[in-house]
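One chain comes next, on its own, written as structure tokens: the form predicted on its own.
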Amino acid sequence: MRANNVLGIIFSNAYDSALSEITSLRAMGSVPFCSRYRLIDFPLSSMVNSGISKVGIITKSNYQSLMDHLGTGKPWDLSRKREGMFILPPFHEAQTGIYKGKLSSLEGISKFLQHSKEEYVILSDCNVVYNINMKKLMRFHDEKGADISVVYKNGKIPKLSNMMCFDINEESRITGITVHDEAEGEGNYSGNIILMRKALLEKLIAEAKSLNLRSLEKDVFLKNVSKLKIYGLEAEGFFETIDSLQSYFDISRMLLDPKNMKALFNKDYPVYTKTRDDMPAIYGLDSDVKNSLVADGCVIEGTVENSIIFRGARIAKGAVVKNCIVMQDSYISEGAQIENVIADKLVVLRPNKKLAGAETYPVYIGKDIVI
């Protein structure tokens, strides 16, 4: 299987409701992450680094920020006359134009699939933080003679709707699928990176449409587990699924560990993002920064510990920021103190204000809010 014979499809709005606080004004794919990235950068970069040259990005709602971030696709070398990046807005429901699920969204891009010359297709969500070489999945698919190949992880099952969990035999074949909502415990759960022939996907979509089926997981994969050869490839390296504000907070802070940072940001497979020409971060004479990620364009004059500070943020003199995520262009004023807080873009915390959450219950401050 040649990588340039594979079409990438990314669901930019999948599981928006799991992170509703942050996605109220943006798609899951455009959620800021790790001081300078957006969540869509990870699947998109993995596809590009694996040689995939055509990627369709399915949008549903609140995608203005996503389009601004992606632009023409130039940071990912997808600004091309042929192939490249395609934004696929809602075009399905006659009245609302809003997809009702993944299966519905795939029906809505049926003409895009039909007109794409690639023989295979890889589907991916945006709420999983990973950086993998998808050529390994392609080789695995060929070696097993699989109809469908899925990347999975063994561990605590994310509490997401329609989460697929697998029974897998010694030959890596998936022999059973269960679909959970708010599952408990551990198991082999889907990373929602799925590879199959485009013709098979189109056939499954057409069959589901003729029967008025609506769930990709329950009505397509679950019902066909005994009919199709479905195999699972276990994920390696850093591979974490965001299923709530708490998990977003925890996974972000995991990258303060150099081992996790090295595992995710592989020099051989860089993660690309929209560039923002800015000055280097400036540290004041009285600043004190420990175990933190600080992006370019920041001005740090106060104390920052175990925190992630995005581009253009400013921590004023005497301010204290501990165990926090402070997003782009936010301002923590003189004498203010925050701990276990997620501050969205353009937040202003006035002088001497104090705000604290807990590690197991971070406080979220919405975009543009002044406290």
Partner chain sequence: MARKKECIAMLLAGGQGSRLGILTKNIAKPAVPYGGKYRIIDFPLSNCVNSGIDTVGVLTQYQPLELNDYIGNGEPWDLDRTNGGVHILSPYQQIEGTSWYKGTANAIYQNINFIDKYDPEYVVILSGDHIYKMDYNKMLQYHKKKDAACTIAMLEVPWEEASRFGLMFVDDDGKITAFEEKPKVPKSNKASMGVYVFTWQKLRAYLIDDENKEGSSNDFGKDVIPAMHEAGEKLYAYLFDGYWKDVGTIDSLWESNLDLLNPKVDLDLNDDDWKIYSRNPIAPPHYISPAAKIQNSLISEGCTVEGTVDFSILFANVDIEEGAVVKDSIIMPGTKVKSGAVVQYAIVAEDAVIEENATIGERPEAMENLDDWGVTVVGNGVTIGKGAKALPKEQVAEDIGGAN
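Positions refer to the first chain, counted from 1. Since we're looking at a predicted model, the values are computed, not measured.
The discussion below concerns the form predicted together with the partner chain, not included here.
**Study point:** Distance check, Pro90 to the partner chain in the predicted complex, heavy atom within 4.5 Å
**Key:** It does not: once the partner chain is placed as it appears in the predicted complex, Pro90 has no heavy atom within 4.5 Å of it.
Exercise for review: Please check if Lys111 has a heavy atom lying within 4.5 Å of any heavy atom of the partner chain in the predicted complex.
Suggested key: Output for Lys111 is no: heavy atoms all beyond 4.5 Å of the partner chain.
Exercise for review: Although the partner chain is absent from this view, report whether Gly145 comes within 4.5 Å of it in the predicted complex, heavy atoms only.
Suggested key: Contact check for Gly145: no, nothing within 4.5 Å of the partner chain in the predicted complex.
Review point. Would Thr178 count as touching the partner chain in the predicted complex under a 4.5 Å heavy atom rule?
Key: Taking the distances in the predicted complex, the answer for Thr178 is no, it never comes within 4.5 Å of the partner chain.
**Study point:** Partner-facing stretch of 102 to 110, 181 to 189, 286 to 294, 164 to 172, counted where any non-hydrogen atom is within 4.5 angstroms of the partner chain in the predicted complex
**Key:** Comparing against the partner chain in the predicted complex, the contact stretch is 286 to 294.
Point to revise | Interface residue in the predicted complex among Val321, Val55, Ala27, Cys34, criterion: non-hydrogen atom within 4.5 angstroms of the partner chain | key: Looking at Val321, Val55, Ala27, Cys34 one by one, just Cys34 meets the 4.5 Å heavy-atom criterion.
Review point. Looking at Phe86, Tyr130, Tyr272, Tyr120, which is the one with a non-hydrogen atom within 4.5 Å of the partner chain in the predicted complex?
Key: Checking each option against the partner chain in the predicted complex, the one that comes within 4.5 Å is Tyr272.
Practice item. Pull the contact list for 234 to 265: residues with a heavy atom within 4.5 Å of the partner chain in the predicted complex, in sequence order. Key: Heavy-atom contacts within 4.5 Å come from Leu256, Pro258, Met261, Phe265.
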